[in-house]
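In structure tokens, the next block holds one chain alone, the form predicted on its own.
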């Protein structure tokens, strides 16, 4: 039984690697086209080798190296980005495992950010309490679509999308309040830096000077949550019941499992994970909320969908896929902007996610290859 699980996990991992490599190849082709266009526009003679060198040296190299291209500051930013990405990936992946599509992670992340800011800037509580507050706010925002799904049979996608925007504008209103909010700094048009109001509300740093500015322990907290979630889903009765509801709510009901309760719990936990991710980000002092310009939902929630899909919703895989998405996103911002827009990183990750739709096809193909090799070895 363990051998079959190991083989299945290996095939899934190899299939995901195929998706990543294919996405990188397609991305390099896009860079070649852009490099050719940019060089040709200058009207000077050039060769195809010049195009290849430009595409690699001014674009693809930075993409592959990510934060390590301009270390150590960029490495710190990459790690800071990876921590909330892991959490939003877990939020979406957890819901997937239980048969739900949590497209509301962006809204839950946003409301979670409000919880972290209230507990830190107004109540000036310790960082761990602020993180719990962020998770609590996100959990409440996730539970509402879960309630509508469980008791009114309203599709969670519809209610989650609506609550994304309700959450965004509610957070903007409460953090601004006409400039009178205690969380808002009129001089910077942002919320106050956490350290300026309450030093012990900032997540502790790693205690190293390598990153120039302190890097916090947020990434380790995110990894720990992922490991706990893996155990809960695969080693506990509670996790089994949640996954059973995801596979078939009708069968779960006849097996004596309370499917309504589990739907609400699933969305509540998903919301808490997204909110916790926002807490990790804003309590690390990486950025402040900008209520006057934050008219678009944070991309972190939607990037979590990409992270979860790439990892097939496996909590351990989500750690790796979040690090990868963070890596190429950071590298995308370091390419030569005159030739390559930083959105190229989004194009590549989008292609990879699109290819993940064929993950089962790749996995089955790998299964047939392994089967042939095994048959050949037994002759």
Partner chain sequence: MQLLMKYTLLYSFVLMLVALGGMFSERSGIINIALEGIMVIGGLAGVLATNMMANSSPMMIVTVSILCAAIAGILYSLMLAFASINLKADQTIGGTALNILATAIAMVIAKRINGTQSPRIDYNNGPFIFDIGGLSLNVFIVLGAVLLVVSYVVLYKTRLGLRLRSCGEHPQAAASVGINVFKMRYTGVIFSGLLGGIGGFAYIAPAVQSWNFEVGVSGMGFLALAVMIFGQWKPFRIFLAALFFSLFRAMANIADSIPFLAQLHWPKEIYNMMPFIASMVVLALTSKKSRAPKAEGIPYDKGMR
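Since the model is a prediction, treat every value here as computed from it, not as a measurement. Positions refer to the first chain, counted from 1.
The same protein also has a form predicted in complex with the partner chain, omitted here; what follows describes it.
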item	value
Heavy atom contact within 4.5 Å of the partner chain in the model of the complex, the stretch among 29-37, 58-66, 313-321, 45-53	29-37
Residue 254: touches the partner chain in the model of the complex, heavy atom cutoff 4.5 angstroms	no
4.5 Å heavy atom contact, residue 172 and the partner chain in the model of the complex	yes
In the model of the complex, residue 296 touching the partner chain (heavy atom, 4.5 Å)	yes
The partner chain contact in the model of the complex: residue 101, any heavy atom under 4.5 Å	yes
Candidate from 143, 80, 183, 305 lying within 4.5 Å of the partner chain in the model of the complex - any heavy atom	305
Heavy atom within 4.5 Å of the partner chain in the model of the complex - residue from 286, 157, 221, 244	157
Contact set, 322-341 vs the partner chain in the model of the complex - heavy atom within 4.5 angstroms	337, 338, 339, 341
